[in-house]
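Form predicted on its own, single chain, as structure tokens, below.
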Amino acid sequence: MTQRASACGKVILLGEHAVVYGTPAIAAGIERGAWAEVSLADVGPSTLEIGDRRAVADAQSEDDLARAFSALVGSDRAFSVRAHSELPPGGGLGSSAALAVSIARAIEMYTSAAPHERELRAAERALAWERVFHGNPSGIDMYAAANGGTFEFVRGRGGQPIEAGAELWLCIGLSGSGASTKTMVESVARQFQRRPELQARTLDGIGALVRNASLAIQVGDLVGLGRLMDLNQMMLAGLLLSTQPIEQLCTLARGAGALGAKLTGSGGGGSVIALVPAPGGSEDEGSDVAKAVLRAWKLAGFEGFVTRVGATGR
């Protein structure tokens, strides 16, 4: 018997990097994500296929994927896993966490534990995977992958759902390059160590933006939310997290009518999110502004897509 499970991708609307230091961030699930199919293997070790990549669970391997997979599956039983992510790796959209949660969920379906306990154990498995790739992750990607929705997240406390007063739609643009979350987090940490006053000013500033953004989301003030996103992008750029393609994506989006635009995730590459008005009627492809943003990006050589924010994590 084969078990199948899925998890959603994520965007951070405001607060990346500051969340590592205990400052709240606002994140959400998106409709694109990952899925995994798992079956019991006759003999070990466990194997994993993701597209054209194949890994064998090995805690001593030099391959991060092999070590992460080993940390997730453990050594009790052997599994054959086939997984797929609709999210670009290194794009700041939670591809790694979505894969980890979907694989862990499918594996836990082979246990006799109650559904709630299976979710807890799947989260533990997924966290072991994430630690191999990201060192000391905040947990925000995993929370989004497992739960979806729109939420305020505090490290060590988890997420608190936010009830949005209006539909949130985003255009997501791909910069064409990725960066290691671990590397970018370490870069910010070095800056904060050299300049403690920068840390205090940055965390206070981003914290204020997040508080105001939470209120804007609740009352449906999309214009205000967009402006707060722009301010957050300025602060992230000040931490040397932005790049020329990211700035170009943001500028093109605003010029096409987006309400606000910023990088999402660790920076140094990855993706840009641009807030756009909700479409009229039931158009899945988004509003006229969304179409204009995607067209501007395409003409400049960037790929992108439009998505509703707040997808569920199952």
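This is a predicted model, so every value here is computed, not measured. We number the residues from 1 along the sequence you see.
Here the subject shifts to the form predicted in complex with a small molecule, a form of this protein not shown in this document.
Taking the partner from the other structure, the small molecule in the model of the complex has a heavy atom within 4.5 Å of a heavy atom of residue 134. Although the partner is absent here, residue 140 lies within 4.5 Å of the small molecule in the model of the complex, judged by heavy atoms. Contact annotation: residue 12 falls within 4.5 Å of the small molecule in the model of the complex, judged by heavy atom distances. None of the heavy atoms of residue 102 is located within 4.5 Å of the small molecule in the model of the complex. Residues placing heavy atoms within 4.5 Å of the small molecule in the model of the complex fall in a single listed stretch, namely 262 to 270, out of 62 to 70, 262 to 270, 47 to 55, 242 to 250.
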